[in-house]
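Shown below, as structure tokens, is a lone chain in the form predicted on its own; questions about how it binds or moves come after it.
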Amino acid sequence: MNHPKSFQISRRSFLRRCGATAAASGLPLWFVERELALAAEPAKVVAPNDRPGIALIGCGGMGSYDAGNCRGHGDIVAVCDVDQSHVARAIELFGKDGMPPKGYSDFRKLLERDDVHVIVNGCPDHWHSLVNIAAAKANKDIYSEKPLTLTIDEGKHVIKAVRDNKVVLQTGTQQRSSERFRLACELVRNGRIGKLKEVVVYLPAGRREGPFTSQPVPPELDWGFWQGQAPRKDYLPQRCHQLFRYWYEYSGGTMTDWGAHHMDIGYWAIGLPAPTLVESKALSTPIPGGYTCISDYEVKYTYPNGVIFNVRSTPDEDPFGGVIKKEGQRNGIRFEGSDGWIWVNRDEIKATDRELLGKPLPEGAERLYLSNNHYGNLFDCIRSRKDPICDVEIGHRSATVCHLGAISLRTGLKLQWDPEKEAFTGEHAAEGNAHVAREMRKPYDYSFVS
């Protein structure tokens, strides 16, 4: 039995820790106390040999970052990339106890291994769906980079593969495992700012450069395999690796890149599957022969409950006025309600007044899925076989919102969306639906992973 005095000391220590955490993070004290109390619950006991084999497919910067975070939960036994310089770097990076992971150039061969239990999919966007489908069919659990798909239609195929094969998939929209974003969404969902009227998402503008000149393909790169389902094009350094996201052939610009993060949080707070109306304005046009994605834009979504969801690119605009002083200031989300506003990004959370954040939510308030570690949540769910915080349906719905905006920008049209049928309806339906799926260049279609 604990002595009362030792309990008092422990309680004092706990409160001091809460106060320090609140001061450092900007989170309200009541929320920090709740979070730390939950974190103090007994940790799950994991046996020393309970370390699943992990394979990384797509060994660029983001894939290697994800694999590095997963390495604390398992052993990286294989790596794969169509760029052999990436494979060599990953082999060196993820070796353990003198045992380097085996390198591959074709992910299908890697998936044949019985000692691979978890796939980290760090490929460019146009490869996400086929790799995820192949991994699910091979009964591997998956951490997939965002956005989950290149097109809306691909999401249906990924969901079917994941559910039919009963695997766990975590979408890499890791802001759902952030206390700041969860707090903002809980406050909005519980009416702290009154009736939600508008969500404004600020995204970085894209790149507007060109024209570019074709160059010889580097000897270490399988350029045909890298392009995959996309139309075959001459090699440009600006098409490949980190810069792929500024080409509609492979991605959707910052709408689907940063949008996959912030628009996911907006979708989480609104709590509805999808908008029913989308309209947009392109604020610049791509340079012929250069990046094809629209770099500067405004997109407006209307939800069935009347909430307006605005997305704005911000090359040099502070959402609160003034001059941008650092990169992070132009990324964030503002929730506008009848009784106030909340602003949140990866660095801070602010509100109309301190009371709005500082007053605890009442008992019985709606609580959202609790995860403070996106990678840890995946491995907890691999053991429990429960859905992770960003499961395959959430990843699909979140990506769909981004794709709807990109389709409106590409067509220049105001479009009506049916969330149940997952199709455009009404005027201009044919033009919109032409972008719901894309023709896949053979052999890199669904038969490639059948």
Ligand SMILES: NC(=O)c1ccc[n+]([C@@H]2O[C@H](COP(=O)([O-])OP(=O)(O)OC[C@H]3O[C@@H](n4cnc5c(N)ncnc54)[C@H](O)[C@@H]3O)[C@@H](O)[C@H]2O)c1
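Numbers for residues come from their place in the sequence shown, where the first is 1. Keep in mind the model is a prediction, meaning the values are calculated, not measured.
Form predicted together with this ligand: not shown, discussed below.
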Exactly one stretch in 385-393, 50-58, 405-413, 420-428 has heavy atoms within 4.5 Å of this ligand in the predicted complex; which is it? 50-58
Any chance F244 has a heavy atom within 4.5 Å of this ligand in the predicted complex? yes
Does this ligand come within 4.5 Å of any heavy atom of F212 in the predicted complex? no
If you check in the predicted complex, is H86 within 4.5 Å of this ligand, heavy atoms only? yes
With heavy atoms only and a cut-off of 4.5 Å, decide whether L29 touches this ligand in the predicted complex. no
Would you kindly say which of R176, H262, K140, K146 lies with a heavy atom within 4.5 Å of this ligand in the predicted complex? K146
To verify the annotation, which of these, V307, L357, V82, V116, has a non-hydrogen atom within 4.5 Å of this ligand in the predicted complex? V82
Within 4.5 Å of this ligand in the predicted complex: all of C123, H128 and G172, by heavy atom? yes
